[in-house]
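Next comes just one chain, in structure tokens: the form predicted alone.
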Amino acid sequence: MNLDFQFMLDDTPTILKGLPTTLALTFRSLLMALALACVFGAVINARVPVLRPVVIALNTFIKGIPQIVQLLFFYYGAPMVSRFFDGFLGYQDDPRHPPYFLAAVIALGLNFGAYMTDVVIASVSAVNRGQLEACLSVGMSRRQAWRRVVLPQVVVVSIPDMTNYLVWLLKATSVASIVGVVELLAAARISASDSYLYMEAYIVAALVYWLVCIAIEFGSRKLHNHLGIYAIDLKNR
């Protein structure tokens, strides 16, 4: 197999133009996923009588549907929702530019939020319940105990698994190209459409994904080590 390395070098800046969209899609979806996971995890851990079985069923339902099906659902639903809110609080629907990026964010956020819920539940369970009881016994309120003692440890425990899902989410943004979002993979495919050097373009895209994943894992390791010292100090007090 003969690769055109000159094309790969020349094409790298073009492919990199899709990276900001990939990162924006990743981190906006991550924020939505974290918010959903925290809400779902809190309801399940608190054993709220009516909401808990509903949340468990909804969480299982979301995880049971293929990601691409969820993406297509929001892709075809986005124009209808956009038309429905036309004129609401000054919003103007533009049929020429449906909110497909937002649809991708919602689809990815819901999908990964369902999986991250399990991380939240497991991380809370990993903290010894005796620490909460000890805090209450010395006069702390339940809110103070959670904020000062339990949550810092929960965050540290959850970082490795959350990092894995963040890396998975970054790579999953590539499916957004099927709904018209020009992210990294779509940029690679478009750049190679004239020369038909798709292998070279996809290799460059793969290397960019790899480098971003390395950066995420490096930052996560640094954060985990930094916060881990604080969590150990809390545990030993």
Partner chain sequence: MQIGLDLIRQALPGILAHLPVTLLYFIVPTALTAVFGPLLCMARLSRWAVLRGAVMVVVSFLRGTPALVQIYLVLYGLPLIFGAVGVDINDWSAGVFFIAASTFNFSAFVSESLRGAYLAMDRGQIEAGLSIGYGRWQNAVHVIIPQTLRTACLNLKNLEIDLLKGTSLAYTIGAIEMMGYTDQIIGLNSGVGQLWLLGAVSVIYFVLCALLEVFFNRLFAFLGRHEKQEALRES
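Numbering follows the first chain given and starts at 1. Just so we're clear, the structure is a prediction, and the values are computed from it rather than from any experiment.
Separately, the form predicted in complex with its partner chain exists; it is not shown, and the next lines address it.
Of the candidates 38, 31, 46, 206, 206 is the one whose heavy atoms come within 4.5 Å of its partner chain in the predicted complex; the others do not. The three marked residues, 102, 108 and 218, fail to reach its partner chain in the predicted complex, with no heavy atom of any inside 4.5 Å. Proximity of residue 193 to its partner chain in the predicted complex falls outside the 4.5 Å heavy atom cutoff. A residue is said to contact a partner when one of its heavy atoms sits within 4.5 Å of a partner heavy atom; residue 53 fails this definition for its partner chain in the predicted complex, lying far away. The closest non-hydrogen atom of residue 146 lies beyond 4.5 Å of its partner chain in the predicted complex. In the predicted complex, its partner chain sits within 4.5 Å of a heavy atom belonging to residue 77. With contact defined as any non-hydrogen atom lying within 4.5 angstroms of its partner chain in the predicted complex, the contacting residues in 54-78 are 60, 61, 63, 64, 65, 66, 68, 69, 72, 73, 76, 77, given in sequence order.
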